[in-house]
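Read the single chain below, which is given as structure tokens and is the form predicted on its own.
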Amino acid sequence: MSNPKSPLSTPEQELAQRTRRGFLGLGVGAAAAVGGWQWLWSQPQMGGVPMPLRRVLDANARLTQGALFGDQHLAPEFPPERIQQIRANGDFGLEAPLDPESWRLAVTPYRGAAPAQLTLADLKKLNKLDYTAEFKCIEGWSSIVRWGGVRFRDFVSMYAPGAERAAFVSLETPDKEYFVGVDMASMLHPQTMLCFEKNGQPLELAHGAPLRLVIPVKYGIKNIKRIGAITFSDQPPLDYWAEEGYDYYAGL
């Protein structure tokens, strides 16, 4: 005759079964996670980021860029007494010798319009824009600077009419060593300028003379120095730091 079961035998057995099921579930979950991680990093990459993750980042950026970079979102401006000296950070695209007098801005307008070669004097025919704003580097430092130049939207109206319908703008240095791609909403922002003055003086070569981009709703990596060419497109153009894995929109 078998011994009767103790009152604790059934709960103990149930606990053991639950423990085994729990370990089995954890094992299956861990295996799935490892497999998913291996699959993710086996996918083609852009700038060190797997394409599935890059698509998620780009989708998030598209959802937020309208709110962040619209006319209603202005970078704070500061009084003149707050002006600081800004470091000459980075020389990508600035290493080749340049004669400012022979410099020309090559403009490829949108959808087959005639290209143009502009001088600094051509740009200075537009209404001048001045403001004092904070320049923010993605490295973590910032400086308050007085910038002077012309609004990009005014430049488009005068020298590339119709290009505001493009989705993106490509800007590159004359030697093509540095290049940025910027969404058109940000380029038409009222504070985005083609800049030729810093703190009341002409730009120095180290700061992008004769012409640089100033766009205070973006980090400094988008504020390209020594612009040599501007092109309008419907597809995102190549961007130097996005190719290295940084966010394409780089908004503040």
Ligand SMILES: Nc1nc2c(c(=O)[nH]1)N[C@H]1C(S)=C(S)[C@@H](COP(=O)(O)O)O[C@H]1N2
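For every residue, the number given is its place in the sequence shown, counted from 1. The shown structure was predicted, so the numbers you read here are calculated from the model rather than taken from an experiment.
Separately, the form predicted in complex with the named molecule exists; it is not shown, and the next lines address it.
- When the named molecule is considered in the predicted complex, residue 225 lines it closely, a heavy atom lying within 4.5 Å.
- For residue 178, a non-hydrogen atom is located within 4.5 Å of the named molecule in the predicted complex, even though that partner is not displayed.
- Taking the partner from elsewhere, residue 131 is found to have every heavy atom lying beyond 4.5 Å of the named molecule in the predicted complex.
- In the predicted complex, no heavy atom of residue 111 sits within 4.5 Å of the named molecule.
- Each of 87, 90 and 141 comes within 4.5 Å of the named molecule in the predicted complex, counting any heavy atom.
- A heavy atom within 4.5 Å of the named molecule in the predicted complex is found for exactly one of 106, 137, 83, 158: 137.
- Think of it this way: in the predicted complex, the named molecule has a heavy atom of just one of 94, 75, 120, 150 within 4.5 Å, and the residue is 94.
- Along 190-224, these residues reach a heavy atom to within 4.5 Å of the named molecule in the predicted complex: 206, 207, 212, 220, 221, 223, 224.
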